[in-house]
Every structure is written in C-alpha cells, then in structure tokens.
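Given next, in structure tokens, is a single chain: the form predicted alone.
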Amino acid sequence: MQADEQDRPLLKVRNLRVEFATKSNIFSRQKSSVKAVDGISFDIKRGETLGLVGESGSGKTTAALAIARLLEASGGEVNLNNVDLLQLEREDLRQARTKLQFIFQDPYSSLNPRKRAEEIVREPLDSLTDFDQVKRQKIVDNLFDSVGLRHEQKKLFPHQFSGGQRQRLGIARALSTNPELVICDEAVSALDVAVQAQILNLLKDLQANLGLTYLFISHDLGVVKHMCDSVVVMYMGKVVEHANREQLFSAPKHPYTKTLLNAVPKLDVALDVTEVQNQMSKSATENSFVNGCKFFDRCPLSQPKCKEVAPELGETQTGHWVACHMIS
C-alpha cells in the first residue's frame, strides 16, 4: 500500500444529521423534530481506532447506525474509501456492506437463538457474497480459530455459550466478509470486567493481524483510553471536542469533557444510569430547541452569549478541536 493511501482517511463523515419527527403532545397535530445527530464531522485513518463517547442520549449510537445505513440519515455524507454510503441503493449498497460491519452491545439478543453458531457466522457470507459453499465453510472455520472458539462449538446454539463466548461469536460474524471498518457499539459493556479485558485484547490483536479500522462507541472512558487513537466527544447530538487520546485525557478543554473525566469512577462501575438519564431528560426538555450551546445550563463557564449563539468546532491547537465560546 502506498504511503499516501495509508495516510488518507478510510472513513470521512461530513455534516451527518439524523432527525426524528415528534408531536408536542398526544392531542396535538403540530409536528416538530428532534435533532438526534446535529451535523457531526470526523475522519478515521486506516488501521486506527476512533472512540465516540458521551452520556446516554448523546447521539453516539444513532450516529453509528446512520453511518452503517441501519438507520436513515437526514443529511450529510459518509464516505468509506471515497464511496458515499448514503447515496447507495440496492446492489451497490449490498456490496458496500461487506466492507462495513457492526458488533452490537448485547451478545445474546443480537444472535439468532434458532441458528447454530456456524450458521450465525456464515450468515453475512450467505447474504452479501457469492462465494461457493466450500469457501464459505473455510472462512467460518478460520474465524472460529481467530476468535478463540473451538471447532466442536460450531454446532451449538447461542444459549449454550457464555457471554464472552457469544461476543466472540458476534465478532466472528462481523469479520466474515473481511470488512475494512468495524463499528463496535458498547461491545464489552454487557460483560464482566475480566471478560471485558479478554475481548478488548482480542479486538486489538485482530486489528493488528487483519489491518482493521474501528469506530469504537463507549461510555466507559477507561476502555476508550485503552483502545482508541483519537476520541470524539458528543453532547446532545453535537461534537463538543475532538482530539487524539493523549491530548484528550491529559489536557481536556471542553467543560463537558472535564465533567465526563471527573465521573470516570461512576462510568467504570456501570455508569450511574439514573443520574445520567435524569440529567439528559432535563437537558433535552429545556435545551433541545435553544439556539446556543446545549450544555450552557450545566456549564460552570457559561455566559449569556452561550445561550444565544451555538459555538463552532474550532482547532485550538494542532489536532485538538473544541466547540466552546470560552475556550480559545
């Protein structure tokens, strides 16, 4: 691979938007929309891992689903290796799906309970490729070896596996079409800590061996620090900070990022879901239609301007982008 191709981003997301229609109340016919993803942009270099972080409700999973065409985007561009996925239809989209695969959060509900393990891993090959039966079986056998599953387990059903083994099965399925980009959506959050470490190390080994590129979604900043080369922080559908791992964890700039980092002990212990959901519900109700910064009512630095004018994402130093009026 030539140097310029290696340096060129594999994935380029530009001004991605996802809006959901809503009604003001159950008796009203007046419709409005909620901007779940509000014009986000970022790049991922080939062979690297970008972390997408934020509280529940920040829009990170919605963005990932839109990138993978599992949810309809309202606008923007998603270029995978210079092909805009949002413009593809039918056969072109089917072919593109071989290059982008998803590892889901729950390793049980994402697997068909009526299919045996080898059928689950082979499923993307059956639906997205024209390989003959012999080649498909060889790929499945190799993937069982790659993710640390035994060949005799191919005939088992999902309920016969442990949680970690089920996630290995999900990883094998995602890798079956030899994708360039793998989206990991909270891929270890449903596992206990010891099994998390095994799966994270497996993902890193597979990345090194296969040259994979990851979009890694997580609320756990400890996991993000271990896995990711760069990090995008989202709040209420917008990117508020984007930096490489070292810059973000050693010198965070946005007040929201600092809030997340200060809450790391809570995040490591399954996240204080009730507190976060209450905060997000309050912010969503009060700030969803404001013109300015969505974080202004929780921000220790907020000024009147913050409520009226939305801050633009700007580069405060090389490779470190922040959306805040108070940061220069």
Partner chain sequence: MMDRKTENSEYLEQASSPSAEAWEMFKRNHAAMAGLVILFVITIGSIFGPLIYPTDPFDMVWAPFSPPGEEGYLFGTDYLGRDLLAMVIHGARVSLVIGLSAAIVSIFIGVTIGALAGFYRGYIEEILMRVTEFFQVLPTLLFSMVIVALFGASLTMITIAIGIVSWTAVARITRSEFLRIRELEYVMASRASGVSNTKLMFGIILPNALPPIIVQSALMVGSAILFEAGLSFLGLTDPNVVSWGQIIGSNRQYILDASYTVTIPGIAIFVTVLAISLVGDGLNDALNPKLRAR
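The shown structure was predicted, so the numbers you read here are calculated from the model rather than taken from an experiment. Numbering follows the first chain given and starts at 1.
What comes next is about the form predicted together with its partner chain, which does not appear here.
K.L.:
Here the chain is shown alone; which of Asn142, Gln87, Asn178, Ser109 has a heavy atom within 4.5 Å of its partner chain in the predicted complex?
P.N.:
Flagged contact: Ser109.
K.L.:
Whether Pro124 contacts its partner chain in the predicted complex should be assessed with a 4.5 Å heavy atom distance threshold; does it?
P.N.:
Yes, contact at 4.5 Å.
K.L.:
Heavy atom to heavy atom, is Ala64 within 4.5 Å of its partner chain in the predicted complex?
P.N.:
Taking the distances in the predicted complex, the answer for Ala64 is no, it never comes within 4.5 Å of its partner chain.
K.L.:
Though only this chain appears here, would Asn79 touch its partner chain in the predicted complex if you measure heavy atom gaps against 4.5 Å?
P.N.:
So Asn79 does not count as contacting its partner chain.
K.L.:
Counting only non-hydrogen atoms and a 4.5 angstroms cut-off, does His254 reach its partner chain in the predicted complex?
P.N.:
Close contact is absent here: in the predicted complex, His254 is far from its partner chain, nothing within 4.5 Å, heavy atoms only.
K.L.:
Quick one: Ile217, Gln303 and His325 and its partner chain in the predicted complex, is every residue within 4.5 Å by at least one heavy atom?
P.N.:
No: no residue has a heavy atom within 4.5 Å of the partner.
K.L.:
Any residue of 65 to 97 with a heavy atom within 4.5 Å of its partner chain in the predicted complex counts; write them all down in order.
P.N.:
Leu65, Leu70, Arg94, Arg97 sit within 4.5 Å of the partner.
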